[in-house]
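There is one chain below, alone, in structure tokens, taken in the form predicted on its own.
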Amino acid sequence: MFTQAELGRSLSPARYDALIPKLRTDLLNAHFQLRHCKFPVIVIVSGADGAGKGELVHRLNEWLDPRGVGTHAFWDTSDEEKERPPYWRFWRALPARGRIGILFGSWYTEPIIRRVGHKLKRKPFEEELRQIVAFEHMLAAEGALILKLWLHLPKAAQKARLCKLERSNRIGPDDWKHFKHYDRFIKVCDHALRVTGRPDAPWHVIEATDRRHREHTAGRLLLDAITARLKAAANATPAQPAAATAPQPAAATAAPAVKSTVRRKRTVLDQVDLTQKLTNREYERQLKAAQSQLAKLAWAAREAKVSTMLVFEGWDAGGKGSAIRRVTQAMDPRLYRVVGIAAPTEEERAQHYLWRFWRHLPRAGNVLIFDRSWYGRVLVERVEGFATPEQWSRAYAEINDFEAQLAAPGNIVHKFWIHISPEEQLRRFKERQTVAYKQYKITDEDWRNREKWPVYLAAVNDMVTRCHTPAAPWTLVSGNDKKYARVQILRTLVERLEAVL
């Protein structure tokens, strides 16, 4: 794959000076147009040591409008980053829609270096590449334009470049060490680029021996990519975005058909025994015992640096809030944080839908509780039409991969769906209307959602059956009796912690 970048291409100073002014003007104009578009541009700059990656990053920043570009360099992993899943550091750097993000180093760097240094065997390396492909495909599916630039140097050229950098005290601490393994680097990188170069995220190998050729080629590739996407966006039919921005009529017309189907079909929620109850005396005894165990285990998890991420979902008025309070009452406030998820903000809407959850991930040993979560993509967004069928259909696999990453370092991911009957929900709704201090809990939206119960039931069934995994299991909670539900959740959490610790 690298032979095409060893042809001795170069650009004379006169030719470079003649081409660059127009290139800069066109690139800047395209960048200005990008601001009004609903897709981000991710530029990955990778390649051989001494190939001029840093110089290229500086040049792109010089050519682009600094107000619409962000540059992130990934080198050593900080202590804060080590306490979270590996991709956390990359999610934080992703550009918002309408912006360009330049990544100097990326999710490719560590797997390649570890593989070259024999610290990562072939099978785990292939799994890392598979994860990269899935990650980039997920970003591209949500509209991201991904441009991957690989700067290549032949062996002799790299040696000469490193000698020059050494004379000017600009050599990197690992450059010569990596050069000793040049042939293996080429072999590993060639394989990595072939596996991860896909139509939605292709690699562009640039011959980097000549600076002017390198810069012009990279700038031209970026301009062509943005221009093509802008043209495609301009030619898109108005009906395509309308489905996402004005979904209500479609959802309303679809509901009756689903309703008649769901009534005849059993779901996983039919397995939940809603008759289970606890007396006040049993509840107090079992609650105290479970909370005592949880208090001890929470500190043990802290010592073991095992993070716990809990997801609470359920029907409106299902008792999520009161259940969460019984969990947090058992723990020292320094150990946990509760994140309530509502409609996304303007900042969050400018990012991939999983971005706002990645940013909240806890440091090692802490507990993070989501009051509603990323499952909004396959529940509310699906039912209300805020996500297209293509978007919510692929979200199941994206969510499973996300949760697998959260759990991979040995962390705990557990999800609770609090189930109640329609009759119990109606009783609680009416109670909220009549009790003064509960009236804030009931809204018109709650009543509208209740009318779509059968449609939500089908969505919940798909959510649980398709996203129940050993790494991130679902627990269906019997919620008609709030006391029973709280104890069931606490006991489940205690059992999970005991099994892991």
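Residue numbers run from 1 along the displayed sequence. Here the structure is a predicted model, which means the values were calculated and not measured.
Another form, the form predicted together with a further copy of the same chain, is not on view; read the next lines as being about it.
For the candidate set K277, R92, R198, R394, a heavy atom within 4.5 Å of a further copy of the same chain in the predicted complex is found for exactly one residue, namely R92. Shown without its partner, this chain lists Y87, F185, W417, Y336 as candidates; in the predicted complex, only Y336 has a non-hydrogen atom within 4.5 angstroms of a further copy of the same chain. Heavy atoms of V464 never reach within 4.5 Å of a further copy of the same chain in the predicted complex, leaving it off the interface.
Under a 4.5 angstroms non-hydrogen atom cutoff, a further copy of the same chain in the predicted complex has W299 among its neighbouring residues. Interface membership of E347, defined by any non-hydrogen atom within 4.5 Å of a further copy of the same chain in the predicted complex, is confirmed. In the predicted complex, at least one heavy atom of R359 sits within 4.5 Å of a heavy atom of a further copy of the same chain. Stretch 434-442 is the answer when you ask which of 36-44, 452-460, 465-473, 434-442 has residues with heavy atoms within 4.5 Å of a further copy of the same chain in the predicted complex. Contact annotation for 102-137: a single residue, F104, has a non-hydrogen atom within 4.5 angstroms of a further copy of the same chain in the predicted complex.
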